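To begin, one chain is listed below as structure tokens, in the form predicted alone.
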């Protein structure tokens, strides 16, 4: 079971991916998280990625494609992969469909106004990377991670100006891939403005129909 979750920032892709991982034992490949891990390691590749990100540019497809292929060989991926934040370009999509059998691409729709509101309220644990939200996914103890008790942070790329820049990239580069998904008859669209459980129920229903 290999699926793609896509939608604007704040649409709940990460939250839904976590729920699907728990239910189907899939690997959640969040490309943003994988790139940050590489940067944190301080490897030559990580340093290269850091320079690209700091310039505000997208990481080249050659790098992200190699990362996805390398990760797919891990034993944690034996049941399938949830691709989140990838592919973001036609080049990445061509690579993905040539190397993986994609069963469904699920678009979670959200207005720009709601997207900005949600992301601005997002907080993340600097140690384990777990996401929280000051609106509906609050930690048990305010401002501290439930898992390792580290103080939560507000990432620089989760601030209003950066959010709008990233949304522009999404609309110009990622949304056009929908035409390709339609051609493959694997595109499913869901309203992401609803409660988490309702969105998850709809995704599960879609997957049940595909993987009978």
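Residue numbers count along the first chain shown, from 1. These numbers were taken from a predicted model, which means no experiment stands behind them.
We do not show the form predicted in complex with adenosine monophosphate, though everything after this point is about it.
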- 176 to 184, 146 to 154, 30 to 38, 66 to 74: which one contacts adenosine monophosphate in the predicted bound form at 4.5 Å, heavy atom to heavy atom? 30 to 38
- Although adenosine monophosphate is absent from this view, report whether residue 26 comes within 4.5 Å of it in the predicted bound form, heavy atoms only. no
- Message: How about residue 56 - does it come within 4.5 Å of adenosine monophosphate in the predicted bound form, if we only consider non-hydrogen atoms?
- Response: yes
- Task: Would you please decide whether residue 83 lies within 4.5 angstroms of adenosine monophosphate in the predicted bound form, comparing each non-hydrogen atom pair?
- Result: no
- Query: Might residue 130 be said to contact adenosine monophosphate in the predicted bound form, defining contact as any heavy atom within 4.5 Å?
  - Reply: no
- Query: Non-hydrogen atoms within 4.5 angstroms of adenosine monophosphate in the predicted bound form: do 117, 121 and 194 all have one?
  - Reply: no
